[in-house]
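Only one chain is given next, in structure tokens, and it is the form predicted on its own.
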């Protein structure tokens, strides 16, 4: 089964991870801008980082037949520095015409501070002025519910924001309905400590269904698993979920969301297993 990983930080992964992901059926990824493991000291550091996301990483992924897409921002962990954040935001328009850029992200909150909220709103303003998709980072652990509520309230207050063009990531059992009930897309992150396990993610799917929801590995510098999405696929199979439902979560939903960006490009004609699945679905529609 083919799949898309909608959130993974390949700049922090070795090339062997690309190979293993391709062998498991990964055909595309999207890589949000994020924290480098330390606070960067200048906007010029971000200029180099954005070049890596838009020039270097797509070539590395292409060696294994994987499409690489990126998002641009200054991550919430560094947004406490308002002056630096504004310098970085001013750089972003230079890169928005790069062919692999999907939008602004992952923006959001880390400690739910006033400065973080200010920079979040300024990112959103840029996205609205440039007609970009938005990818949201919600806080971890005990700050998640409050932070998710704050983020949704700020988005709803901006009448320019279309929830269908916003993906709220790192949802868990206690925040997933906030995202879905307000019309947003949402992502479950399969991360071993601060987010969901594959088992919990399948529990969430069984709780809320398959509409406007997807799963990602968020593989990064820390303890994480770039093959977490295939592990969730296996857990869904183990529980008896139909192939169509699994494919919707790991392939069709991210595809539907990303296609809203005019820089997303579908790959050439379907082949092999994908063509068989498409033909099967067309036959089902004819007989219904």
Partner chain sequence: MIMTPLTAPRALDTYFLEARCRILDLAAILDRIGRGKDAAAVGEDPRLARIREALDVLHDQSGGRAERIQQIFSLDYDPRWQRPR
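Note that the coordinates shown come from a computational prediction; the quantities given were computed from them, not determined experimentally. Residue numbers count along the first chain shown, from 1.
What comes next is about the form predicted in complex with its partner chain, which does not appear here.
Comment: its partner chain is not present in this chain, but in the model of the complex one of 244, 43, 62, 256 has a heavy atom within 4.5 Å of it, namely 244. A heavy atom within 4.5 Å of its partner chain in the model of the complex is found for exactly one of 130, 210, 182, 81: 210. Taking non-hydrogen atoms only, residue 199 approaches its partner chain to within 4.5 angstroms in the model of the complex. A residue is said to contact a partner when one of its heavy atoms sits within 4.5 Å of a partner heavy atom; residue 159 fails this definition for its partner chain in the model of the complex, lying far away. For the chain shown alone, residue 236 is a contact residue for its partner chain in the model of the complex, at least one non-hydrogen atom being within 4.5 angstroms. Although the partner is absent here, residue 125 sits far enough away that none of its heavy atoms falls within 4.5 Å of its partner chain in the model of the complex.
With its partner chain omitted here, the record of contacts in the model of the complex names 112-120 of 213-221, 112-120, 72-80, 95-103, defined by a heavy atom within 4.5 Å. For the stretch 16-48, the set of residues having any non-hydrogen atom within 4.5 angstroms of its partner chain in the model of the complex is empty.
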